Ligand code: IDP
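Next comes just one chain, in structure tokens: the form predicted on its own.
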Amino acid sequence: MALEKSLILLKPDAVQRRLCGQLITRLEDKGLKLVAMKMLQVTKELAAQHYEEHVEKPFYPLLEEFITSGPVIAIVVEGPEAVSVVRGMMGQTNGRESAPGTIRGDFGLSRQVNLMHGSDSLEAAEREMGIYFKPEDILSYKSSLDEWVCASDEL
């Protein structure tokens, strides 16, 4: 099992609803380690770079309008299988279809206004981290809790 990094965006609805602390707490309670974090305003150019595969799709204008509507918090987390762990914690894209206990299942009712973005693959995580962070912004450190979160062969 390998340590992975994943990009998370706490979207404008999470910021406006003041849920960021609760969502970050869930990530940390799971055992994921925060290795980078910043608040920013997504521009139209940044949105197009992040969502490049969707720019020509009919739903993109609404996606761009939403992601640029207010500040976001960009986070890089690290942990065993972090990409799939975060995706599982988020739940289905549509909060109405997400199971209770997931972030979107507990806090969301929308397909698009859905609180959080999480990378969907290791390749996407690498690309997305590069959009929001310089390599030197992503820290590497040993936590005294590491041995209490996973067995040594899982880290």
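Being a predicted model, the structure only gives us computed values, none of them experimental. Don't overthink the numbering: it's just position in the shown sequence, from 1.
What comes next is about the form predicted together with this ligand, which is not displayed.
task = Could you check which residue among Arg127, His54, Arg26, Lys38 gets a heavy atom within 4.5 Å of this ligand in the predicted bound form?
result = That would be His54.
ask   = Between the options Leu63, Leu46, Leu34, Leu122, which residue brings a heavy atom to within 4.5 Å of this ligand in the predicted bound form?
value = By the 4.5 Å heavy-atom cutoff, the listed residue in contact is Leu63.
message = When the contact criterion is heavy atoms within 4.5 Å, does Asn114 count as touching this ligand in the predicted bound form?
response = Yes.
query = Is the gap between Thr93 and this ligand in the predicted bound form 4.5 Å or less for some heavy atom pair?
reply = Flag for Thr93 set to yes.
task = Decide whether Arg87 counts as a contact residue for this ligand in the predicted bound form under a heavy atom distance cut-off of 4.5 Å.
result = Answer yes; at least one heavy atom of Arg87 falls within 4.5 Å of this ligand in the predicted bound form.
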